[in-house]
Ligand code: DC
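Next up: just one chain, as structure tokens, the form predicted on its own.
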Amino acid sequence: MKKRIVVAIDGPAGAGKSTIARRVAERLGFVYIDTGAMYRAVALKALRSGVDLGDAERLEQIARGARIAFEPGSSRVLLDGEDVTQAIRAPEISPAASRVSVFPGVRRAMVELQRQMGASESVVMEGRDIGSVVFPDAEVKIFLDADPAVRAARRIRELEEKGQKLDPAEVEREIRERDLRDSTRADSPLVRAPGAVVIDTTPMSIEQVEQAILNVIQERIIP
């Protein structure tokens, strides 16, 4: 396929976007872009700089000054040339990223960068506003969802694999609070984009979700 293709995958925290998007990108030979990691990188830089997470002006400056890149052929995330793949997954970064992402200036900066990334290569890009804001004309738009309790359980397993122990009730509470923040923010709220195919991953395995998305892509873009 010579034409540049954008596969947009949106959904709430813990719906499986990162895992699935990475697998689909590998299957198609597309570039995988984790936009959530970009906001995490901004949050990490803000925390390291001692910036108040309520200071919209300074956060926009941080976002516009941050050099964020994804290493080709790997899952490594680079911030100003530093590998921050593990650092942005620290427990304190998730809520910080959610707070940072509500500011329009930060989102504008990230959307500009995301569009640049998708301008010259076929990509599988996942986040919360890819099909609705970043690439509303994407050839394929997917909205992944799952029951909050199931999403919390997935997040706990992910963190336990990294040696972190968290209270399940606390994780589910944080996910529900993040859902509320993401869906009610004034700028680029989490919504199901027009034309998006909704996939409820609650009862599905990773392999089943991956195949369902590949089937949609087959129908939409491959003659």
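Counting begins at 1, following the sequence as shown. Everything numeric in this text was worked out from a predicted model, so none of it was measured.
We do not show the form predicted in complex with this ligand, though everything after this point is about it.
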| item | value |
| --- | --- |
| Whether A8, G118 and R220 all lie within 4.5 angstroms of this ligand in the model of the complex by heavy atom | no |
| Heavy atom of G36 within 4.5 Å of this ligand in the model of the complex | yes |
| A146 within 4.5 Å of this ligand in the model of the complex, heavy atoms | no |
| This ligand contact at R185 in the model of the complex, heavy atom, 4.5 Å | yes |
| Heavy atom of R128 within 4.5 Å of this ligand in the model of the complex | yes |
| Options 36-44, 165-173, 192-200, 57-65; stretch whose heavy atom lies within 4.5 Å of this ligand in the model of the complex | 36-44 |
| One residue of L79, A97, A152, A138 in contact with this ligand, assessed in the model of the complex (non-hydrogen atom, 4.5 angstroms) | A97 |
